[in-house]
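One chain is shown next in structure tokens, namely the form predicted on its own.
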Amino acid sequence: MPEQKMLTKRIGDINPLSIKDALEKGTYKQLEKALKMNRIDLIDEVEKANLRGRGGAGFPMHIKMMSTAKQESTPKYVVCNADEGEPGNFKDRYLMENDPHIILEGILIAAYATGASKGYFYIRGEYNQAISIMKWAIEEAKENGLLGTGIQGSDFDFDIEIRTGAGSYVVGEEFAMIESIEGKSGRTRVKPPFPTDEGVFGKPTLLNNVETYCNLPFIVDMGGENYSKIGTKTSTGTKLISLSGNVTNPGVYEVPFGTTVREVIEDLGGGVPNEHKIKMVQLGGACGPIIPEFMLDLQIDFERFEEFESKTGAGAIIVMDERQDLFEVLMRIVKFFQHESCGRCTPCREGHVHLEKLVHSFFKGDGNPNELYSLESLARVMHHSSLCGLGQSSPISIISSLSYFRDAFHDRMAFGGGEK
């Protein structure tokens, strides 16, 4: 199965530090086209395309854009979420390091459509190379009249600055990111209001991730209806996949929605090396579900994933062969999220402490039926009652494991003689 390259089609053909290369390959041509369009008509094309967010939740892009555009309060802001703190994900880094100007073009199109005049590019602090490349790209764009006042001879003014994280996972959540941009501790807010109403400094804010913005130039180029023909009816376009783990060819791959997980692993990733067998696969990153081998024919599709209380996430696929222990994986996940919790809400703050104790019992082989019940109950309470996406999604690995690997938990009960 070949890739269907759209967002990544210029990678390898351009020097990411050369705006000249980017311009010769057609970057910013769609911005020029967009600036001649009516703003609402531009958003209508995004609606026809049925573009959904690529950061995890899959929220319709046109709803955010229209909500921001209709706000009368100014200034308006556009924020690009490049924090990418989810373990197993690295596709936004791939875009930033290899084609920074396609990202800037997408941000500029979104800013024009919504009437925004200022932007923030929030990058994960550990991404030193990506930070350097994006800073260079922004300066080149300014020198070429693509940022600042009167962009491409129009009356559109827009500028953007880079902000970097300090190693916190939770600032990848939109409200925590807004708090951080404002110079506050990166903790989430109670909602509503939502960012499109009151975001950065209390002003209307459009916030999406790197990959999402990169789709806008292609929608402008081919039109929303043609774009919507790529992928599936409910999930249009392509998806960048971060493939890692026990696989022959790890890396970033671009596939149309509707591609199966198995096709990505076997056709693009080359399967599991050394004749080992797949035991389980985690989808979306550390916060995603863990599924068994027999489910690998699952299509990558927003609606399909929602059937088992999950999201497509940012697109990570982590392959684990028969040498990996489920409970060692769960222990690492729970410890990670316990460390990364901002502590603002009780279900997340206290829940992770108890999750770790319960998972550890099964990890040692000392679990019991009461702990199994408590583990499942607590995971679901956290999933439904936590304030932000961290606490809501961190128990998904446990909930899915209890659904698909329940026998493994029984084998780890003290009376079952499970391995220790």
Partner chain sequence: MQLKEVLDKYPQSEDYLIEILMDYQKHKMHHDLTEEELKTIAKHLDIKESRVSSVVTFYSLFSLEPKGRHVIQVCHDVPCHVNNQTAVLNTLKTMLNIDVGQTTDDEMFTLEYTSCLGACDKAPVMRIGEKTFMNLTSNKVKAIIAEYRGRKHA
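Since the structure is predicted, the reported quantities are computational estimates derived from the model, not experimental observations. Positions refer to the first chain, counted from 1.
Keep in mind the form predicted together with its partner chain is missing from the figure; the text below concerns it.
In short, of 294-302, 239-247, 100-108, 206-214 it is 239-247 that has heavy atoms within 4.5 Å of its partner chain in the model of the complex. Looking at its partner chain in the model of the complex, residues Thr8, Glu24 and Glu254 place no heavy atom within 4.5 Å of it. In the model of the complex, its partner chain lies farther than 4.5 Å from every heavy atom of Leu268. Though the partner is left out of this view, Met222 does not reach within 4.5 Å of its partner chain in the model of the complex, counting heavy atoms only.
In the model of the complex, Ser180 approaches its partner chain with a heavy atom inside 4.5 Å.
Of the heavy atoms in Glu86, some are within 4.5 Å of its partner chain in the model of the complex. This chain lacks the partner; the member of Arg189, Arg93, Lys279, Lys76 within 4.5 angstroms of its partner chain in the model of the complex by a non-hydrogen atom is Arg93. The listed set Ala130, Ala137, Ala116, Val170 contains one residue whose heavy atoms approach its partner chain in the model of the complex to within 4.5 Å, identified as Val170. Contacts with its partner chain in the model of the complex, taken as any heavy atom within 4.5 Å, map within 329-356 to Val329, Arg332, Ile333, Phe336, His339, Glu340, Cys342.
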